[in-house]
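The form predicted alone is given below as one chain in structure tokens.
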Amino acid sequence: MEFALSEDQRMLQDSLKGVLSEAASLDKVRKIAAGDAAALAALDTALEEFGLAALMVPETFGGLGLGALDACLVQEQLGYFIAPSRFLATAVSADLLGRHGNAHLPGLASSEVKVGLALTELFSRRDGAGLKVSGGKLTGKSLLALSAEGATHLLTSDEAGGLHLVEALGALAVMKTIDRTRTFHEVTFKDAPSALKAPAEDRLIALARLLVAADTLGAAQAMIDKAVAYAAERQQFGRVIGSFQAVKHMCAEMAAKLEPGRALIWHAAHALDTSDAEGPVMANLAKSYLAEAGTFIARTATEVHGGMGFTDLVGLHYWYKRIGVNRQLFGSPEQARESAAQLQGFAA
């Protein structure tokens, strides 16, 4: 039996890579990170024209009806190019709304409806944050909301873990992180009506974490590729540094760390697509593994570059910091392992 991507899946990745190599080049990411709205708008337009918003929307609602594995392949490319994108939020929302036949699905497929994720309180709670429900309306504050800016709706959760889709009427305040390729917000709600109420579910958490793992997979692969290319051209003592055994070992160890993560993501995504009970468990383990493997690769790839790795000229810091934020996004590796243990009945 062959466990590999289909021809269509490989074409999806290759086609998206072609779009991103132009629309999300390092120079353009630098501009976006510096606050260039025109560069960000151009990237958003390119991704909308590619049709990413429709990927996980069911065909009956005007979407492509693809699954978690396809979404992971897309997110991997977005991570490779450290591209700012609302795809992760759209994919998670489409997956949830698709199971509820929500009326917003056609708008989601056409990009008329844009959903952000304000789910941080599902995983961790800070003093002063959290949403209360009263009379079907939400009041409170959510931190580190993803893709909230420009969103028409937000998918969020109340203090009991219930999920809600609300119109994006809340006040936004930028929350700065080390990652300048994405912008996170603090969202304040006051009597915001909920257009959808759904119970907390393991699948939504699992899919969100799995897509973050796929993003880290792509970013880590990019750092390995850059380290190998640098080692093949940088000379020291009259030889390229890639010929030194220590550098060879560093590059080989990075590749060896990353490859199991790719298999783990593919397996977890396939399990989610086939409604295998193992899916949420494997997705949490994928998030945990990639968080730690990605951290190791980010550090090691920077070391291969030597002092150049810390300069803005090379730009490695964009990947490094994105991997760092991904480590904590939607739950730390420790929280992901605890979720996996709970799903298997190994923890209270």
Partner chain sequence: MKLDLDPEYEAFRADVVEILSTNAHLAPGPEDKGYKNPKRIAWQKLLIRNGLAARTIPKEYGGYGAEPDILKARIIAAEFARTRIQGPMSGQGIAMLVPTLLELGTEEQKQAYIRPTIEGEMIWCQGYSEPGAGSDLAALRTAAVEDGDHYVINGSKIWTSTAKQADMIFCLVRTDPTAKKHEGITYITFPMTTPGIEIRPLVDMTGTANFNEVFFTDVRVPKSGVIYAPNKGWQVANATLTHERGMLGDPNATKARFLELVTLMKSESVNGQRLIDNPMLRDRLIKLQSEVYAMQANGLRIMTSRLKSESPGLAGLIVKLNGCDLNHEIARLAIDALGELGILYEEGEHLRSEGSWQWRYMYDLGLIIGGGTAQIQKNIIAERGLGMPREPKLAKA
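It should be emphasised that the depicted structure is a prediction, and the values quoted were computed from it without experimental measurement. Residue numbers count along the first chain shown, from 1.
One more form of this protein exists, namely the form predicted in complex with its partner chain; it is left out here, but the text below deals with it.
When you look in the predicted complex, the only residue of 262, 203, 137, 234 with a non-hydrogen atom within 4.5 Å of its partner chain is 262. Checking 100, 180, 226, 267 against its partner chain in the predicted complex, a heavy atom within 4.5 Å turns up for just one residue: 267. Proximity of 29, 297 and 313 to its partner chain in the predicted complex is absent: no residue of the three has a non-hydrogen atom within 4.5 angstroms. Among heavy atoms of residue 48, none comes within 4.5 Å of its partner chain in the predicted complex. Though the partner is left out of this view, residue 282 does reach within 4.5 Å of its partner chain in the predicted complex, counting heavy atoms only. Contact check for residue 16: every heavy atom lies farther than 4.5 Å from its partner chain in the predicted complex. In the predicted complex, its partner chain sits beyond 4.5 Å of every heavy atom of residue 20. Checking 237-245, 77-85, 118-126, 207-215 against its partner chain in the predicted complex, the stretch whose residues place heavy atoms within 4.5 Å of it is 237-245. Residues from 318-338 that approach its partner chain in the predicted complex with a non-hydrogen atom closer than or equal to 4.5 Å are 334, 337, 338, in the order they occur in the chain.
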